[in-house]
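One chain follows as structure tokens, the form predicted on its own.
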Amino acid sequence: MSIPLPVFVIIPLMTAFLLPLFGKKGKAAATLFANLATISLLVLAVASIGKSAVYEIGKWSIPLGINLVLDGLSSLVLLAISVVAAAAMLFSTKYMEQYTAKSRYLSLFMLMVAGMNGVVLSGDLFNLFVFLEIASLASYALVGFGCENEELEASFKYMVLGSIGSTFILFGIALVYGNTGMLNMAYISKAIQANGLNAGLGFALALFITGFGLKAALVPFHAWLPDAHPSAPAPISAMLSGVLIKTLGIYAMARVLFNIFGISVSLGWILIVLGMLSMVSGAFLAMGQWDLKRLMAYSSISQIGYMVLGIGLGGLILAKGGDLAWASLAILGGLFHLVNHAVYKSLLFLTSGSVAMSTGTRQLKEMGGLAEKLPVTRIACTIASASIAGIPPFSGFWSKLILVIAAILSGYYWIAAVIVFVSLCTLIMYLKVQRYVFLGELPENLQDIKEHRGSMAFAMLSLTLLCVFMGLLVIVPGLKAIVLDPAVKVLTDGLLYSSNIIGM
């Protein structure tokens, strides 16, 4: 049974427009309605794994009409979005009681989900941009949702830099349309294959890398992220770091470079350099932070580098005509790390929200001894920290191991060394979190704090279980073949994307 692809956008959009109708007296009903919407999207995302489809809006044939495309890569990212959105929405049920205008928060949350789902499914560049802007505008408002000076300043900075990134992307789309006469991705790819790259298309490619690099917060385009993530409510920090920067940045960049323009040696090296800069710079900056959420924000910059490095290394091997198995392994490591990071970094931000809500502070030096007061949060944070540091058998270990093996097999030993070094830096920063948050003596002013259980604890424990068992996706051959291999094949097939879509 095929899934009608527009439901991934229609459900969150309709939910977003209906939620304000509940009013102030219907907060509980609105919250339940929003949770049901995210859970239904999760069920649909699970059902879409292993499937492929092209949906023509209004039955208008491409390239004149608009189409939505489901393939291995889009279904994998849809699943990551849905898992994190369901957990973050559940966590919001209690956490957002400390804010006013909860129905507006829920509406903006669902708009952001609708935008991300639209980006992942869009089969043409202009509608990818439209959905990207929907998600971006909702995220700008959510970052400043607390309306304090810090939140509003961070939201404004994020909006300015995000708008610059969007402008680069829009100019790139205009150049592509001017040079090919097409907006549909498959037909653009076909035109580029037939006529080659000219100066206009080359400049558009540079604009895309810069614009999507800003959305992904890659170094040196990362200036907005360290302020935006700490200032946002914890569930939104989880969404921003867990899925937004990956969907609007990493996914969109990979789709454009591999499936539209075609990967080349120079593009592969650009991705590798950007990935390594982000890995090392983010790790060094994170280790010096004493604000818990700011530390995690810089850590996100570092972790994004792993994904771009893996995808770039795979692209470089493909462009050089190297072994397809090694290229596939590198891309597998990058994409699996994307999914892993979506889960454990979302969990880390949720635990930071639990800590801040109970203690009233994000400063590590003002905490200590919280292990007994916040046992569920401590378990979740410890397992998520072990996963992001690459400690076996947790999920982060497997994706990092795959990247190291791919680098060694392809002869780039120095890349493998950098991956291991940054993993050690990550371990140090999260040992620091464990030491200053959960160990040591409990300060006098925190003697009477209590942990918030219920939906917040359930959301954290759900993601904790995924951190423990997600390694099965690469250990169990059947799961890997269904969930991960189709996503890898989309990128290794490269420009075959056009014939696959036009021929379907």
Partner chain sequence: MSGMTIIVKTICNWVKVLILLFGLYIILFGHATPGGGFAGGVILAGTYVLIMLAFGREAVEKNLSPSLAGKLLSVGAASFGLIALAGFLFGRDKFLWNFIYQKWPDFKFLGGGTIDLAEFAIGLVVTMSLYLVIFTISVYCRDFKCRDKQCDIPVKEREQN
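Positions refer to the first chain, counted from 1. Since the structure is predicted, the reported quantities are computational estimates derived from the model, not experimental observations.
There is another form of the same protein, the form predicted in complex with its partner chain; it is not shown, and what comes next is about it.
- Contact annotation for Leu18: at least one heavy atom lies within 4.5 Å of its partner chain in the predicted complex.
- Its partner chain is not drawn, but in the predicted complex it has a heavy atom within 4.5 Å of Tyr55.
- Although the partner is absent here, Ala481 is not a contact residue: none of its heavy atoms lies within 4.5 angstroms of its partner chain in the predicted complex.
- Its partner chain in the predicted complex is approached by Lys59, whose closest heavy atom lies within 4.5 angstroms of it.
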